[in-house]
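Given as structure tokens, the chain that follows is alone and in the form predicted alone.
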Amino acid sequence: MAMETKERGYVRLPAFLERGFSDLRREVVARRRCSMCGTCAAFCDKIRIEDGEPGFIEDYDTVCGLCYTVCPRTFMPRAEIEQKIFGEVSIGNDVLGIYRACYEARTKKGDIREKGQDGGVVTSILAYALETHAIDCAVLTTANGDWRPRTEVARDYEALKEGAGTKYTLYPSVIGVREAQEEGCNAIAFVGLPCQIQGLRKAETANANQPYELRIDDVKLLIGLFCTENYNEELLDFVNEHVPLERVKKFDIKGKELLVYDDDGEVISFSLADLEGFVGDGCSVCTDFTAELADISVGSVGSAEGWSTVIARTERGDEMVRGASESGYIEVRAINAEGLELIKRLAMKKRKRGEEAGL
């Protein structure tokens, strides 16, 4: 990437590394663009996430620029990232990004089907990746008994099943990559939202352009989840007023409703229009619906009930999907044209909304 540089001591740094944490706070946090992805805290040991925003552990600032560089809300060198991971650059009007294949898929494992979201595909692909030693752990966003999100470093099949299911509240899940590294893992899969995938791809691309060791090469597989928007934890307090969270078995979004399933088999529905006050601030400027920079993207939109849409983007991602299918973890079939068009319409809608909010 061609960019202006300045001399600092004996190291020649890219110009964007002149930006520090105070710039991040001013340009991202103060402007309510922070997505709470956790990338800054994952790669800088002086940052932690508290009360819904990043802050320094001590009264300290620096212009090393690492936090500013990896944040997905500062700048996005999309063409450079795409060239690095795909070997090509997407055309501007291609709202699904670059991909090799698109399927409908579902798990063939009955125990995963019982716990998984929609088709249980993410858990099954990760199980295949663990069995074949393509990864040694998977960083998941899971939840405690009252559905408060947390990260989990899953290192076996049972842990993967426990982490199955979508969580609809914001959490800085990228910090789980650091947790996995601290546990000695060096072949890490990460499952997360488009903004989190963007942060990790920025770290991957920036690794060669700055003097710090990010250990991003430990991350071997990125699975991105379709996302229109996500919610802050106040949503859980709201739901708890209608059904005790300890009784909730599953959350799901279908169409224009949030569905809450309780332990009696009852389903309580909430209109998404009534939940807009709980939407995370940073979601408004996001333009990515299908996690376009992931190795594999997964979502329920566009597929039949009980199936998931799976977009294999990179060679590594395609190998994982095909391997999981051939080994009996999942079954796949071609997605129909109507389903693909629906995904494109929603992707275009989010892109336009994000572009307008980002002006």
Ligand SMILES: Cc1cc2nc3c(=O)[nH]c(=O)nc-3n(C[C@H](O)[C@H](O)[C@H](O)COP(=O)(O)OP(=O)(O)OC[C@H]3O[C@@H](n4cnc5c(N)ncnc54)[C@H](O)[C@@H]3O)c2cc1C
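These numbers were taken from a predicted model, which means no experiment stands behind them. A residue's number is simply how far along the shown sequence it sits, counting from 1.
Unshown form predicted together with the ligand; subsequent notes refer to it.
Heavy atoms within 4.5 Å of the ligand in the predicted bound form belong, among the stretches 42-50, 301-309, 27-35, 64-72, to residues of 301-309. Within this chain, Asp118 lines the site of the ligand in the predicted bound form, having a heavy atom no more than 4.5 Å away.
In the predicted bound form, at least one heavy atom of Val122 sits within 4.5 Å of a heavy atom of the ligand. Among heavy atoms of Gln198, none comes within 4.5 Å of the ligand in the predicted bound form.
Although the partner is absent here, Gly176 lies well away from the ligand in the predicted bound form, with no heavy atom inside 4.5 Å. Interface residue among Cys286, Cys227, Ala206, Val239 relative to the ligand in the predicted bound form, by the heavy atom within 4.5 Å criterion: Cys227. With the partner omitted from this view, the residue of Leu140, Val219, Ala127, Val260 that lies near the ligand in the predicted bound form is Leu140 [heavy atom within 4.5 Å]. Taking a 4.5 Å heavy atom cutoff to the ligand in the predicted bound form, the contacting residues in 137-174 are Leu140, Thr141, Gly163, Ala164, Gly165, Thr166, Lys167, Tyr168, Thr169, Ser173.
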